[in-house]
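Before any questions on binding or motion, here is one chain by itself as structure tokens, the form predicted alone.
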Amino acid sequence: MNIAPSATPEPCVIVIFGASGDLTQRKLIPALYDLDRQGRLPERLCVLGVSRTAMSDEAFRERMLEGVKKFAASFDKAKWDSFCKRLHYHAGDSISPEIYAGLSKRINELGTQHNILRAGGMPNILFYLSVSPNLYEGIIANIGQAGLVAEGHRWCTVNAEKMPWQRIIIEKPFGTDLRTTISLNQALGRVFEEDATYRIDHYLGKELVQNILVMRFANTFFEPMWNRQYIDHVQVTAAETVGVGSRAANFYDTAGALRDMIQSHLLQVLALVAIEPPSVFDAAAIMREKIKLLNCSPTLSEQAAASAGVFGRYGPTASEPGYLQETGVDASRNTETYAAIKLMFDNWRWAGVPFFLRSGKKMAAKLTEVVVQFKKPPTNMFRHFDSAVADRPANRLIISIAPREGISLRIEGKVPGSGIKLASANLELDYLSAFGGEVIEAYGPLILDAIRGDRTLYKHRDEVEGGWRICEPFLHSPALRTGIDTYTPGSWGPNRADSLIAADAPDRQWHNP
């Protein structure tokens, strides 16, 4: 059953498990503070941090203040003095069932203190799992066993508007492969309905990612060309200049570039580029189209995946270690810091059009973008005027997501003067310059959507499982896993990635600005 989201966010208690960790201090609380500073949070909303570290409410607020000063868009002491009264803390080990009686009591006490209790004496509750993924299933089971989720309340027809809701936000990774993802989804389904489950991908909170759908479907001229007849190929890139550093032992060495970036973030960006037009702009319609698209991608064998992908690993420099020299790295895992894959979709719109996805550490530039490469005109009527005219580049649309937000369209034009001389020029749209507004941390709007009950920018379980089905052959391909190329830090990755994109068309190249 699809529940329409609220027009305005409702009062609730946000319960953050793992509240003493890095994500809460760097992202979650600064994002909530920015929303409060802009007057976008419900007036009667509070946050309850839960973690094993012993801490008072005041100590928790002081720790969060450090994060807000450093990571919020701007800091206003008067606004902080007001906002910090919303922050509370409860010490306890979230995987221990024994703490949940006290946690339930504390939630209801805060509901009374902030005047947000609803029918049955419970407030609305938004659970946020900001913990290690191996703790997810245990915490979810404990929440259910403690009676913190009122099963079936969304179908109550008597005084339904007074019934409290309970929702849960899950951080990626959603499993480490298809099997563990199915297990996690089953654990969620035993406690929460699917429409109360919010699998967060902060990439989908970025303005330009959301703007992909607006660009495609609010402008008449894009859609007639958005198909195999006019588009040669599509590239989705997420490149970082930093290495793995201290994350190696705790996370990255068991994940790698494909799990960390492509299976999660880049497949979602690709889906928005490639889906069919949804009937309406709402969560159910968009999710249906994304699921349909992912189901159109053939499941490759591990042997076929080896010829449709490239793995790389950054090497050392005179002053910095290579990946294998990073603290905590186990060389036997053969973890990649760069991955590039080629995907195809067997549907009417995209048959024969390759989609190339790549992501890497210690690359030449920090860059997240989508490149839509159009086909060249079927004939070149200007080839007789100038030898330089004979092989002009095709039109190209670039959607820049980070670090700048903008759209660029490369077109061909005549150079002023006598004779026919062609040159390329870019039509540029800088998003903030054109439309104004304030840059908001992606987590803020996504949390607000969860409070409103809007899952448009969240993932359905079938999307996540479909993504793993596509990526698993690459993950488990022996040829890819043992044939990892070393690339120079500050480059655009291993040379074989150039061969991957050019395999079927020698003039295809990565966009490396």
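No experiment lies behind these values; they were computed from the predicted model shown. Position 1 is the first residue in the sequence shown; the rest follow in order.
The form predicted together with a small molecule is left out here; the points below concern that form.
A.B. asks: Do residue 56 and the small molecule share at least one heavy atom pair within 4.5 Å in the model of the complex?
C.D. replies: Heavy-atom contact with the small molecule at 4.5 Å: absent for residue 56.
A.B. asks: I'd like to know if residue 130 sits close to the small molecule in the model of the complex, meaning any non-hydrogen atom pair within 4.5 angstroms.
C.D. replies: Because a heavy atom of residue 130 falls inside 4.5 Å of the small molecule in the model of the complex, the answer is yes.
A.B. asks: With a 4.5 Å heavy atom cut-off, would you call residue 69 a contact of the small molecule in the model of the complex?
C.D. replies: Judged by the heavy-atom cut-off of 4.5 Å, residue 69 is well away from the small molecule in the model of the complex.
A.B. asks: Heavy atoms within 4.5 Å of the small molecule in the model of the complex: does residue 95 have any?
C.D. replies: Residue 95 belongs to the contact set for the small molecule.
A.B. asks: Please identify, from 131-139, 280-288, 76-84, 352-360, the stretch that has a heavy atom within 4.5 Å of the small molecule in the model of the complex.
C.D. replies: It is 131-139 that comes within 4.5 Å of the partner.
A.B. asks: State the residue from 480, 50, 450, 45 whose non-hydrogen atoms include one within 4.5 Å of the small molecule in the model of the complex.
C.D. replies: Checking each option against the small molecule in the model of the complex, the one that comes within 4.5 Å is 50.
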